[in-house]
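One chain follows as structure tokens, the form predicted alone.
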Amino acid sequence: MLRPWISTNLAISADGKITSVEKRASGWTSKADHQRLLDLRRGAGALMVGHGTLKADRMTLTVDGQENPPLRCIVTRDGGVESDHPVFSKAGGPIHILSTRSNTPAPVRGAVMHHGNLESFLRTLRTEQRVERLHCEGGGMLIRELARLDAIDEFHLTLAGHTLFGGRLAKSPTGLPEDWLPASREFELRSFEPHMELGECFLSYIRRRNAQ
């Protein structure tokens, strides 16, 4: 599949969950983890997030001090992104919205609209927008789809051992519990940074393509 090189970044609780309604508004990981999030954005030609995560976390997908800011890509089922969302008022890269279900996504002022599946959108980013590196910040369902396509090259994870979320249907790094992926995706641990004082550990993995 012709696509950009793709990295992802998520934080998980001690029980492997990625979110909690009461925690999202205030943030639940350390300032060091937030700085790591910003650092991981640098060098990417595009940043991508699912609409649910964008809305819940009030994300603007920006990188300060970068001469050519990355594209800001939002994936949604129906194309509906709130026009008053701060992503439209914060200066940054061009906004591209992918609608994966609607046949005729309504235009959103200040954004380029796309219709189709994630695979075709990734191809468009690579061939038409010349994006070589794309960084995805969730949510779990979007990362699951990237994993299904075997389109994750690097996986960054913050293990926040100070928190338990619980919940049988709480999302994991690959979304809600459902069928297995088409095949296992093997990754090699490249970086392991424990921070005992924070109760967190920063991990980075690289996809092992030669394991197929």
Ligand SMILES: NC(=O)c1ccc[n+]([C@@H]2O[C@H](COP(=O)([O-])OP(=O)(O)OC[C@H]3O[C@@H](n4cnc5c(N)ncnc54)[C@H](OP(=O)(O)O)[C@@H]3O)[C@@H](O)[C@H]2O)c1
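Here the structure is a predicted model, which means the values were calculated and not measured. Counting begins at 1, following the sequence as shown.
Another form, the form predicted together with the ligand, is not on view; read the next lines as being about it.
- In summary, the region of this chain contacting the ligand in the predicted bound form, judged by heavy atoms within 4.5 Å and restricted to 51-59, 38-46, 65-73, 183-191, corresponds to 51-59.
- Taking the partner from elsewhere, Glu154 is found to have every heavy atom lying beyond 4.5 Å of the ligand in the predicted bound form.
- In the predicted bound form, the ligand lies within 4.5 Å of some heavy atom of Ile18.
- Asp78 belongs to the set of residues with a heavy atom inside 4.5 Å of the ligand in the predicted bound form.
- In the predicted bound form, the ligand sits within 4.5 Å of a heavy atom belonging to Leu142.
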